[in-house]
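Only one chain is given next, in structure tokens, and it is the form predicted alone.
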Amino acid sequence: MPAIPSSPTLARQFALAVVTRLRAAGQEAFWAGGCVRDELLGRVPADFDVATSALPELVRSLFGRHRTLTIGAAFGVVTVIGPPGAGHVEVTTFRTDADSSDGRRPTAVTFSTARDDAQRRDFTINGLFFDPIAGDVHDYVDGRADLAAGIIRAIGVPTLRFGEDHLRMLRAVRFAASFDFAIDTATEAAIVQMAPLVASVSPERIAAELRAMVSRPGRQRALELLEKTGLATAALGELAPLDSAGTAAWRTAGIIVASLEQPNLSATLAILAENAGREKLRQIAKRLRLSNREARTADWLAAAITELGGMAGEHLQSRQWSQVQPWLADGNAALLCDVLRARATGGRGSAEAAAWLRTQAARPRDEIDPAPLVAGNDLLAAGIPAGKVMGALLVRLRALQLDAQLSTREQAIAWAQANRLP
């Protein structure tokens, strides 16, 4: 995947320079796809792609072999490495694609024209070309009209587009939710018909689309569209609603996810898993091949919701500090506070309890998680052998310290000696 530019200005300048060099060599060259869409919507493109009549070998010779990557050259794609801060630009030769055998990649490509190249792309709003030198838009698929009308429409026959790459169905949902666009009727019908095919897409690609959906504005609508089209079952089967009660809970979860200040996939899965349970959550984390960190965070949040999410404010505040402190001492404490606040917004849990936890989490670190009074070596020196007995004593001593029943090392050792198990 091309490097994301750190400077939008440098990325734009570099993308213009790529087009300029290709033009100087007598080739057609345009900005293509999402960067054109974003330009026309008044957004800052995340990166730039270029479509050209130049064949891959010519692209390499123009930009140099040390500044180009040819991983996708068989499909006409050469990545041109930009200067620091500018990211990379994918330069793709105009092409038509043969049928896909795996629901992802064409079996072969034929280099062709800009008009033909536009026809192979996914949605009309992504099938536009822009000449950054003349300032002209080349539209062979009526993409500008759909941009103006706010419509996500597959290019050509929707079932053919989704048959070429099943992930496009999830992309349709992401674009509709992110831009607050409607999905064209025929396009949506094809998604409903073909939704089960998403299950055959690689887990990593599904997870990447889900991350993009739930981390951006429009995530509530994204979850609604996943449920409406059947894609929830295909992509998030373990957590998908099975009946009307499940659908109502899913929609409530969407309200909660929309309220998150720190939205991410781990928090979303933990919220969706409230009815399905942690075992189902672990199953989906494994199936989607989430990183260890993402999976652990989701499971930890689900456990915290079970432990703290149903408590009223006064009940939570009356708990011993040693029962609350482990949650707030964790590196994900701020995310947990955000999740509990959002749950209260959605009618689950207590706003008072969530506010109290957030206040506690804002305390200085040495107050939330003070250094233990004693360690294993201290107990060994006091004549307590290593093993389960020592482990149990250390846990208990920590709780007594947090609850202000012990305050010095000497008190802790004396308590351990008096209460050691036989």
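A residue's number is simply how far along the shown sequence it sits, counting from 1. Treat the numbers as computed from the prediction; the structure is a model and nothing was measured.
Another form exists, predicted together with a small molecule; not displayed. Remarks below refer to it.
| field | 4.5 Å heavy atom contact, residue 122 to the small molecule in the predicted bound form | value | Yes, residue 122 lies within 4.5 Å of the small molecule in the predicted bound form.
| message | If we define contact as a non-hydrogen atom of the residue within 4.5 angstroms of the partner, is residue 153 a contact of the small molecule in the predicted bound form? | response | Answer no; every heavy atom of residue 153 is more than 4.5 Å from the small molecule in the predicted bound form.
| query | Hey, in the predicted bound form, is residue 372 touching the small molecule, heavy atoms inside 4.5 Å? | reply | No - in the predicted bound form, heavy atoms of residue 372 and the small molecule never come within 4.5 Å of each other.
| Residue contact check: residue 327 to the small molecule in the predicted bound form, 4.5 Å heavy atom | So residue 327 does not count as contacting the small molecule.
| field | Heavy atom within 4.5 Å of the small molecule in the predicted bound form - residue from 171, 282, 348, 221 | value | If I apply the 4.5 Å criterion carefully, the residue I get is 171.
| query | the small molecule isn't shown here, but in the predicted bound form which of 130, 175, 250, 162 has a heavy atom within 4.5 Å of it? | reply | It is 175.
| field | Segment that reaches the small molecule in the predicted bound form - one of 27-35, 360-368, 378-386, 52-60, heavy atoms within 4.5 Å | value | It is the stretch 27-35.
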